[in-house]
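Here you get one chain, nothing else, as structure tokens; it is the form predicted on its own.
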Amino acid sequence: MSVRVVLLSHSADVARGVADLAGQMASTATVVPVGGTADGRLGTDADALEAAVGAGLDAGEEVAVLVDLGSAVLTARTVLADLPDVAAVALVDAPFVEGAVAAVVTASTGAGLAEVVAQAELARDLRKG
């Protein structure tokens, strides 16, 4: 079973940019950017997130969801709480950019959801200086 990585951001540009970056490092993984509101403003769109996660589940994939800021966590938790197959979906506690790259690269190896989540969450401890 493959893992789809869904990136929820308050900004469509940020979601697409991080998806592009991560996707270039692992082109075989499925990365879905979900950013901004339905009318193009900054914010999160619960319906778009639900559609992205649902499409993955419908395709038989597991889904890892990464979010950028605090209120996106609330949106994700609300959407994920209503899903019938909660075991196949994880809200990842990782930095958005580094976690996304780690998740996508790991997903491209065929790893399962638990390993994708674990590798993304390790990005919290990466030192830059």
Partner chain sequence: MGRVSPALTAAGVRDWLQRFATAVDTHASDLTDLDRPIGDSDHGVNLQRGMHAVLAALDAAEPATPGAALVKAGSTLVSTVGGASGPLLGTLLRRTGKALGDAESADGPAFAAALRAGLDAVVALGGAHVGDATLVDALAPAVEALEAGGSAQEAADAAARGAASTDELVARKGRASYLGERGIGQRDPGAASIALLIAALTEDAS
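Residue numbers count along the first chain shown, from 1. Everything numeric here is computed off the predicted structure, so don't read it as measured data.
The next section is about a form of this same protein that is not shown, the form predicted together with its partner chain.
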Task: Answer option from L57, A26, A46, V97, heavy atom within 4.5 Å of its partner chain in the predicted complex - done: A46
Open item on the list: Between its partner chain and R41, L74 and D82, in the predicted complex, does every residue show a non-hydrogen atom at 4.5 Å or closer?
Closed with: yes
Open item on the list: With the partner left out here, check for me: in the predicted complex, does some heavy atom of T30 sit within 4.5 Å of its partner chain?
Closed with: no
